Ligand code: PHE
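Heads up, the chain below is alone and in the form predicted on its own; it's given as structure tokens.
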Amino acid sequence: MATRGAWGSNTGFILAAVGGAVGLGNLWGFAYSASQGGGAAFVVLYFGFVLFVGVPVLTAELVIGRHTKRSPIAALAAVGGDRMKWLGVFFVLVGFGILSFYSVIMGWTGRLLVDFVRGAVPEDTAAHFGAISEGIGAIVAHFVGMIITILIIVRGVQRGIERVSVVLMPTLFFLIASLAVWAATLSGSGPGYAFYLQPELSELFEARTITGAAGQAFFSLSLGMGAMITYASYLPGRGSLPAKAGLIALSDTLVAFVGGLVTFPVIFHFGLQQEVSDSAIGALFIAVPRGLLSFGAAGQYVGIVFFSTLYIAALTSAISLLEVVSSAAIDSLGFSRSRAGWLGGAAIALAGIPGALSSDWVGFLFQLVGQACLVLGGLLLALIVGYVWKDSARAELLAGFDHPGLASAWIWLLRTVVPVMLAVTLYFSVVALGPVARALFD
């Protein structure tokens, strides 16, 4: 079996894990979900679901990863025998599927970044996005993103993932904070903040707001696909896993929250409320560039910072997704890291070609793999840890965390609250899949 890596420092692990969680969903998908779910009421519920749904499942993944020192397939087999191996296979397939379309979106982001750097974004941004989102150009941009991701993965845990994360994540935090300061100067900042930060209590009890907040909290933390199991498998020692889970969740939530401080002033300044409600993609790649063009040279600079931030977020998530696939090949097939990274990355790059030829395919995969399958994976994981592996899981959690009462509360959440909320979220995710599938295949 190929030698497995290990994190060089706790800081490196935290930054890499936060990078895996933080993605395009934090910086724009969060605003889209909030606009659909009542603004500030959604934000309040989101924080609650991060605490009571996201953190327990995140902790469960960390517990499995550190206990087994294996990637998802081998880890689940170690936890529950060969009969549980299928769930690990499911996790790897979900990571594979998500990256196959996520890297296409990363390619769109990179192309717009290059266009802003060149000053080559035309006034008809809708036609421009149509031209760059499908066809040979989209395939090339998708391949470029995958090659960058592969080059990082094959260098290993410390020299690749950790080293890049230590540089990129502080850069991401600085850029998004800079954008929040800029957004505060826009004329739409007041109405945007009001929508974002002043909840209407009646909306707290609407089904759409509740399920939307639960889904976004889960998706934002990149749970249900084995990424955190994989990253935790490289952890040395016996530090407090709840503390690590809390710090990862807090950092991810802060990025999403500050992202809202950027996006809602932009939405209200440029009058994008309807476009965001209709399509997050349309607002991100069409309406925002069109609005920034009205600022002239200043808009070009902001566009460079904005799409640089998005590309960094996309890249750090892509790294964690490819690592799920690569580590499974290393542990289960005995591949070298280089072979696993290049073969896995090449297969994903080929699987992403349909998405680079059809943005409708990207939307379908997002609903199927990026939402429904993620929730299903998290639901099954919660049930396994809460019912099948609860005693060993509790013991592993208490190694470095001497709070038996909290450990019992964690198991209780995994057995009760978490499955109920994820089952409801899964139902609505499957319902939402129907119209997308019909639009694609009709």
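Position 1 is the first residue in the sequence shown; the rest follow in order. The model shown is predicted, which means the values in this text are computed figures rather than measured ones.
What comes next is about the form predicted in complex with the named molecule, which is not displayed.
> Among 121-129, 304-312, 219-227, 163-171, which stretch sits within 4.5 Å of the named molecule in the predicted complex, heavy atoms only?
Only one stretch qualifies here: 219-227.
> Applying a 4.5 Å heavy atom distance criterion, does Y102 contact the named molecule in the predicted complex?
It does: once the named molecule is placed as it appears in the predicted complex, Y102 has a heavy atom within 4.5 Å of it.
> Answer for L272 alone: is it within 4.5 Å of the named molecule in the predicted complex, judged on heavy atom distances?
No, L272 is distant from the partner.
> Give a yes or no for A16: in the predicted complex, does one of its heavy atoms lie within 4.5 Å of a heavy atom belonging to the named molecule?
No, A16 stays farther than 4.5 Å from the named molecule in the predicted complex.
> Does at least one non-hydrogen atom of L365 fall within 4.5 angstroms of the named molecule in the predicted complex?
Looking in the predicted complex, residue contacts with the named molecule do not include L365, since no heavy atom lies within 4.5 Å.
> With the named molecule left out of view, choose which of A328, L284, L321, A75 has a non-hydrogen atom within 4.5 angstroms of it in the predicted complex.
After the contact test, the surviving option is L321.
> Work out which of V288, V255, I98, L112 lies within 4.5 Å of the named molecule in the predicted complex, going by heavy atoms.
Partner contact (heavy atom, 4.5 Å) among the options: I98.
> Quick check: do G20, L24 and S317 each get a heavy atom within 4.5 Å of the named molecule in the predicted complex?
Yes, because G20, L24 and S317 each have a heavy atom that approaches the named molecule to within 4.5 Å in the predicted complex.
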